[in-house]
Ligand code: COA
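Shown here is one chain on its own, the form predicted on its own, set out as structure tokens.
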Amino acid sequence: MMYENLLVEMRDKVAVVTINRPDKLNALNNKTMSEIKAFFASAADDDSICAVVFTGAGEKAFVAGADIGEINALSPTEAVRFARLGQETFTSIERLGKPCIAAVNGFALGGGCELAMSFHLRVASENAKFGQPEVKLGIIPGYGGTQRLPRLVGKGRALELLLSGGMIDAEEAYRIGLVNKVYPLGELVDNAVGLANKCLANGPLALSYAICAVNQGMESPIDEALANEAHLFGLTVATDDSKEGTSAFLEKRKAEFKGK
């Protein structure tokens, strides 16, 4: 599939996707959001894509935010639809049963921070900046920021960012658990791909079930979450990959997973 605002490069089994609007600091306009949604819908059914690394073009921004011009022209009803498109798109990333890594290479503000938070893992360059500055515009985040941020960093730290509209740097983002690793800018994407390949060395069905268990468990009481974990554990034990993985361990050899 061809995209106007996305570049897609395959590095073996890892799709490296780049938002290519550097003149707009990779801001999320409606066209770009629709293309992101289309890519992840396609990736869900594409067996050649086993993991995704997502970044922004240039050295200044991952995604500097949503397109403010588009927001300014919205009616309240249109604003709800606008928010729901972003929420649905980002949820499709979060629920993709393949490792998805945001490689944040600069500003990740507003919708850009919300986009990064929908990925399973986040790595950042040393020059990265994170924030939810929507209150400075008299609005609140609409793409999931008020929900994913406290789940990642806790209610107090989330509210500080949401209410102040301030920015934090990569080291502070790492300290509070918003990002997993920090790298020099020139090494960011390669390290993100390396992290993706480290995940892909494991059983693909196990990866998918682990993502599912975490996502569902975060929304459930602990007893329900544990019951679901046990159910998914049972499903993994029934797979050929489980037999291969446990046999390989006992035989002291490398497992050869088939995703079955």
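Residue positions are given as counts along the sequence shown, with the first one as 1. These numbers come from a predicted model, not from an experiment.
This protein has a second form, the form predicted together with this ligand, left out of what is shown; the following refers to that one.
- Taking heavy atoms only, is Val189 within 4.5 angstroms of this ligand in the predicted bound form? Val189: no, not in contact with this ligand in the predicted bound form.
- Message: Check Glu134 for me: does it contact this ligand in the predicted bound form (non-hydrogen atoms, 4.5 angstroms)?
- Response: Yes, Glu134 is a contact residue.
- Message: So, Asp23 and this ligand: in the predicted bound form, are they within 4.5 Å at any heavy atom pair?
- Response: Answer yes; at least one heavy atom of Asp23 falls within 4.5 Å of this ligand in the predicted bound form.
- Item | 4.5 Å heavy atom contact, Gly56 and this ligand in the predicted bound form | So Gly56 does not count as contacting this ligand.
- Task: Report the residue, out of Ala170, Leu121, Met167, Ala158, that has at least one non-hydrogen atom within 4.5 angstroms of this ligand in the predicted bound form.
- Result: If I apply the 4.5 Å criterion carefully, the residue I get is Met167.
- in the predicted bound form, the residue from Ile211, Ala64, Met33, Leu200 that sits within 4.5 Å of this ligand by heavy atoms: The residue from Ile211, Ala64, Met33, Leu200 that makes the contact is Ala64.
- Task: Considering this ligand in the predicted bound form, find the one stretch among 229 to 237, 39 to 47, 23 to 31, 202 to 210 with heavy atoms no farther than 4.5 Å from it.
- Result: Correct option: 23 to 31.
- Message: What I'd like checked is whether Ile71, Phe107 and Gly110 together line this ligand in the predicted bound form, meaning each has a non-hydrogen atom within 4.5 Å of it.
- Response: All three within 4.5 Å in the predicted bound form.
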